[in-house]
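Before any questions on how it binds or moves, here is one chain, the form predicted on its own, in C-alpha cells.
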Amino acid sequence: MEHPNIIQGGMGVGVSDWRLARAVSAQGALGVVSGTALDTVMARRLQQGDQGGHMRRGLSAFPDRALADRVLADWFRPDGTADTHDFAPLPMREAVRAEGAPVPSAAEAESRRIVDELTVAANFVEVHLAKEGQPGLVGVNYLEKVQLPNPASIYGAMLAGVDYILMGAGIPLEIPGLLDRYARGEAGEIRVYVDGAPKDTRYVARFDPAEVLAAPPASLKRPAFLAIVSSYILAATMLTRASGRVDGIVVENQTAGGHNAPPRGVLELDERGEPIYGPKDDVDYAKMVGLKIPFWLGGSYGMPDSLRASKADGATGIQVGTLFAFCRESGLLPELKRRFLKAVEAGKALVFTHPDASPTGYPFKIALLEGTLSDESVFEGRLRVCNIGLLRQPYETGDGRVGYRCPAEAPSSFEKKGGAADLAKNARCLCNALLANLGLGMSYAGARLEKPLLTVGKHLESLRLLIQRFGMDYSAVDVLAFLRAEVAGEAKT
C-alpha cells in the first residue's frame, strides 16, 4: 500500500481525539486517534451529557444495537454538563491465568462485561467518527505498557475499519499476530507480565468477540501495523521476532513528547536532573534502510524542511506530535493551549525530561506550567490515589494470587505491596492528570479537582515559527501547510 508521508502523533489521553484525526486524515496525511483510556474518556463524555451528541451518534452506528443501548444505560447522564466532574469509576481490569483460571463469580463476570462492552464501543466510536464523511486513512495509537485493555481496544478499532495500528512504549511483539487472529474472526490474547510469577505460569489479557457481541463478523480488515521504537536494534527485533507482519517502523528519538526510551547503559543525569543521552542512543538510518521496510522519523521533525531531511535519510516521512497538540482541533483544554503558546511566543516555555515522574519508569517530558502537576507544590498537595489503574504493575502475591501496585499511589500502600520507595517519590498519576488536560478530571467530595499535566516535545522552535505565521488559534490544516511548505515551494519551481 502507499503510505502517507506525514503521521500525526497519537497523543494521549484524548489529545489526539477523533476531531483532530479526522481533520488531518481529510488532508491526505495519517490522522491518528489516541487509544489510551478511551473507555474512561467515553464514559466521562457521556456523564457530562455528551455535549454535541457525538458519542451517541457514534454508538448509533455500532453493529450490536443491544450492546450500544447497554453502554448508554450504564453511562449516559442527560442532565450532565461540561462542568460535571463527579464521575462514576470504571471497574479495573485484571489479568487471568491462561490455564486453570477459576470460574469468575457473578459479580466478576458482570464487571468484565461492563468494561469489555464499554472498551469495544469506545474504540469503535472514536475511529468511526474520525473516518466519518471523509475518505482518508485513520490510525489508532496504543501503548504496550498499558497491556490489559489492548485486546478489547484493538478489536473495537478494527470493528470500525481502522487502517493503521501504531504501538510503542515497549516491544509489541504479540500485536501483529493478534491483528491476524481478529482478521480471521477469532478470539485473541496477549501475555501479561506479572512480577514474581514463576516462568511456567502464563498470565494473559484475552478478548473473545463471541462473548461480547451478539453476532461478531466472520472476518475483519487487517490494518497495517507500525511499531514505534527508539533504535535500529528494536526495529530489527520487531521484524525478526514479531508474531505476524510488521508493515512499518516509526523511529522516535528522545526529544519527542510523552514517554521516551531510557538512555542505553547506566542512567546519568545532567545538572538539571535530566537523563543524559549519548552516541549510543543515535539511530543509524543507513541500517534502517537496510531493513527494507517503510520507516518514519519522530522527535524534532516539525520544520518545513523535515520532510526533505527525512527522505534524504531514506525514510518514508515524519511523525509530528507537538504542533498538532496545540491546534484548534486537539482535545486539550483551550486555556492550557493558550497559556503554553503564550509562553512559547515569549520565549519562556520550558520542557523537562523527568527521569521518574511516570509510573512506567520511562523518562517523561513535562511542560513546566504553573498550576499543573509539574509544580512541586501542586504535586505534593495531591491526595495520592489509584482509581483508574492503567499503569498498575501486576505482581504475584505469596499465596499465588495477583495483586496490583502503582508508584503513583500512596507510598505507604505501594511499599506495603512490595514496591520500592524510591520509585514512588516523584511518580505522578498520569491517568488522572492526562484526563484533566481534556476537562475530564475527577472531583472528590465536590471540592478537590484533579490537576492537569502537559507533555510536549523538546523542540519548540517549530511551534514558535508556526504561531508566528498562523497565530495562536491555528488549525490542523495550518500545521500541514507549514510542514509541506518546502515541498510545495519545490513543486512550484
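Residue numbers here begin at 1 and follow the sequence given. Fair warning: this is a prediction, and the values are worked out from it, not measured in the lab.
Missing here is the form predicted in complex with a small molecule; even so, the following discussion is about that form.
When the small molecule is considered in the predicted bound form, only one residue from Ser413, Thr255, Ser306, Asn387 comes within 4.5 Å through any heavy atom, namely Thr255. Only one of the listed residues (Ala122, Ala130, Ile154, Val320) places a non-hydrogen atom within 4.5 angstroms of the small molecule in the predicted bound form, and that residue is Val320. Shown alone here, Leu20 lies farther than 4.5 Å from the small molecule in the predicted bound form, counting heavy atoms only. Taking the partner from the other structure, the small molecule in the predicted bound form has a heavy atom within 4.5 Å of a heavy atom of Asn141.
The closest non-hydrogen atom of Gly331 lies beyond 4.5 Å of the small molecule in the predicted bound form.
Among residues of the shown chain, Pro209 is not one whose heavy atoms approach the small molecule to within 4.5 Å in the predicted bound form. Candidate site formed by Ile228, Gly299 and Val456: every one of these residues places a non-hydrogen atom within 4.5 angstroms of the small molecule in the predicted bound form. Heavy atoms within 4.5 Å of the small molecule in the predicted bound form are found in exactly one of 395 to 403, 267 to 275, 335 to 343, 247 to 255, that being 247 to 255.
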